[in-house]
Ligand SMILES: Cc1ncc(COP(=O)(O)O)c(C=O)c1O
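Take a look at this one chain, the form predicted alone, written out in structure tokens.
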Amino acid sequence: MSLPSQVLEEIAERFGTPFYVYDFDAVEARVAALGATVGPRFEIAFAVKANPSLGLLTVLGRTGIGADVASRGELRTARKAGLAASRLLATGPSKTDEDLDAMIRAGIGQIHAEGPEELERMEAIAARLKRNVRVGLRLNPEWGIEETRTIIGGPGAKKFGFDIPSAERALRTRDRFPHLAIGGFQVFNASNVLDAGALVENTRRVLELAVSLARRHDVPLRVVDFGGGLGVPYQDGEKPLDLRRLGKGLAAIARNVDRQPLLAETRLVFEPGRFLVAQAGEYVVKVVGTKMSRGSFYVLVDGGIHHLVRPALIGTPHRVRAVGPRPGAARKCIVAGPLCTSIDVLHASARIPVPKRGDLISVENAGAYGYTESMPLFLSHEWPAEVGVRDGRIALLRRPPAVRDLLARQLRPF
């Protein structure tokens, strides 16, 4: 899904480097492909945490999908992007009273409570606002999909959701929350899964758990939310998610759903984030110079993990490519950024033609958990621009604040 070199070169000329760029044509194609895979019985709600760019959310909203927000900031962005409140869900640990107040005032489709204490705070806020709120319980079952590196799933205690005994206690005593209409469940217990069979089995188990709890406690199932976790390959040798196998498995689940009256009006929701946008995004840097150090060849670039921290955080590099044709055979190199730390490495064993000063290098699969997972204040370098491309047209999405602008917002003490 890489953009043509001449497009990246034009962006660098207009807006400088480093920058993030998103291919909106690729995003729309991804939404269409996933929609065809999950079929009409399931809904898609974009996990805004993956990339809360206003421009990107505007494009996604126009496809007709919903969104899942984790804070009042994400809620405000989604609403500004044009997404209807009824199409929004809210999930996230440690929601503040201000977050809950904003979500309740907005009248979003459902708020997923993370624990008993949050239910109590939500009830107090709803009573004060004289609102009835649609609520689901986020569940933390003992099972989940095994992750290569645990990000959100795995067995044992977690900060996410209710364990099952706690959920059952809340359901038995829900008359204590007269302003909260508990009507569904959510389980989000894995991240970046490439095994279609594991995703299908997890969907089946979540649905089975939701139906069991609903029947046992006479809870209407307005929403069953299966979370996200649909993965993309980052490294060479990883195979992409098999959409055909996923679709076949979900179709079988949908047929079973149609046979259960309890689920006749239930919204069945997936929350993909990374799957829809990761491969549509690139982080592009400029070569500052090259050097040899104790037998290793370094390519030094003007951006690093202060803008794209995932390679260091997760311990796996993204693929990199030289922008534009370069003569000569590819050689192994370390692509390293400008930070005063040895962990500032975008790729420790890239194979690209030897670049010269001023050449561009693209880090691929950077459309999710890139710009907004970064730490741009470290070392006070300039921030990257965000750019969108559609039908060959280039548009600036976010003008980065200059260091002088950030400095102007600081005050001398006393």
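So that there is no doubt, residue numbering starts at 1 and follows the sequence shown. The shown structure was predicted, so the numbers you read here are calculated from the model rather than taken from an experiment.
Below, we refer to the form predicted together with this ligand, which is not included among the displayed structures.
- At least one heavy atom of residue 229 is located within 4.5 Å of this ligand in the predicted complex.
- Using a 4.5 Å cutoff between non-hydrogen atoms, residue 138 counts as a contact of this ligand in the predicted complex.
- Using a 4.5 angstroms threshold between heavy atoms, residue 347 stays clear of this ligand in the predicted complex.
- The closest heavy atom approach of residue 191 to this ligand in the predicted complex falls within 4.5 Å.
- Among 47, 366, 56, 361, the residue placing a heavy atom within 4.5 Å of this ligand in the predicted complex is 47.
- Of the residues given (273, 317, 337, 109), 273 alone sits with a heavy atom within 4.5 Å of this ligand in the predicted complex.
- Only one segment in the set 353 to 361, 47 to 55, 31 to 39, 381 to 389 has residues whose heavy atoms sit within 4.5 Å of this ligand in the predicted complex; it is 47 to 55.
- Within 4.5 angstroms of this ligand in the predicted complex, the stretch 84 to 105 places a non-hydrogen atom from 91 alone.
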